[in-house]
Ligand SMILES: NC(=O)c1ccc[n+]([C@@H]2O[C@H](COP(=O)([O-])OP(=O)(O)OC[C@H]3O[C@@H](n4cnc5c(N)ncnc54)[C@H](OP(=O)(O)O)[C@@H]3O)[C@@H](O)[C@H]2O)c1
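Shown below, as structure tokens, is a lone chain in the form predicted on its own; questions about how it binds or moves come after it.
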Amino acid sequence: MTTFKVVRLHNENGHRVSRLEESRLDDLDPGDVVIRSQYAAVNYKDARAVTGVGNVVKRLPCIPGIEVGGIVASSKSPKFREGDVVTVQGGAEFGIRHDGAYSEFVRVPAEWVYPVSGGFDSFSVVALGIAAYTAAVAVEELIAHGVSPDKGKVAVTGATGGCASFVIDMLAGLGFHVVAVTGKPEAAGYLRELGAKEIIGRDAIAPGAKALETQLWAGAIDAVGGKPLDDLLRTMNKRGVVCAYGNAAGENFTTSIYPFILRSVQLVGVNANHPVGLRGDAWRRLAGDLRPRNLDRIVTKVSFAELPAYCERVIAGGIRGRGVLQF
């Protein structure tokens, strides 16, 4: 091994700038396991890192990317051998404070690495990844709080995003009447292919301004936060449930107490940023009854050369589904 390609984020005159560079193994952060990367996810968080938006990466210079799947190239740990198919996903360090996934070779501590098994391969484990796992946890929470297909319609906001696309696919597969909420009317065909029965615009959730509007939804899964989350709360059926995990429309929202005290609406938070080894039943179900039926429609493969422009499109809201970097 001589040199290989990486995307590295730098501080240049106070600005965060990412560059496609040639690197060597000795340039990477230390670790027990070296992985030859095959696929890496492009989450919204990763796109923010690559484009320099916000403060996602906590140490500069650093290689972004929080999910990778590949083949062990070498290992100092007895847990892994050359040729093992493995993945690194989630946690507070990888791609944040420690060189991450956007590198043809990744070097990490052995405790961050998990074998790929149970119906997955190096592509599917990344293509599903944190996005599909978050979707699965949200769907499980919705059902655990009493929402079933016979109770009524379920709204999904941010419908063309990676997580939400998986949510629509899973809910439709379980027999729910899914209403996709999106600012992209041109994506209606895509959303119907995933299983949405209806598609509405963001402003159509609650066109009025009253604290309580017409009851529309037995359940909702919110991927965006901000005003759409308030609109959902004001239009939930009595004892309706909203599961929330995103902030693309804002980290804060304003609402009243009335959905909670007059309609007994429940707002359930979904935190699913767990390493693979801690994902439990929801992750196992992704190889079974919650496995997305439309993975090929949801996933877009991108190359290293395309990655910066693709990340710009993610930030601008110009993509649908989930991006996967193919090495």
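Residue numbers run from 1 along the displayed sequence. Computed from a predicted model, the values in this text were never measured in an experiment.
Form predicted in complex with this ligand: not shown, discussed below.
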Options 231 to 239, 170 to 178, 78 to 86, 244 to 252; stretch whose heavy atom lies within 4.5 Å of this ligand in the model of the complex: 244 to 252
Partner proximity in the model of the complex: K153 to this ligand, non-hydrogen atom cutoff 4.5 Å: no
Non-hydrogen atom contact A127 with this ligand in the model of the complex at 4.5 angstroms: no
Contact label in the model of the complex: Y44 to this ligand, heavy atom within 4.5 Å: yes
Contact label in the model of the complex: A272 to this ligand, heavy atom within 4.5 Å: yes
A218, A196, C163, A136 - the one with a heavy atom within 4.5 Å of this ligand in the model of the complex: C163
Within 208 to 245, the residues that have a heavy atom no more than 4.5 Å from this ligand in the model of the complex: A223, V224, Y245
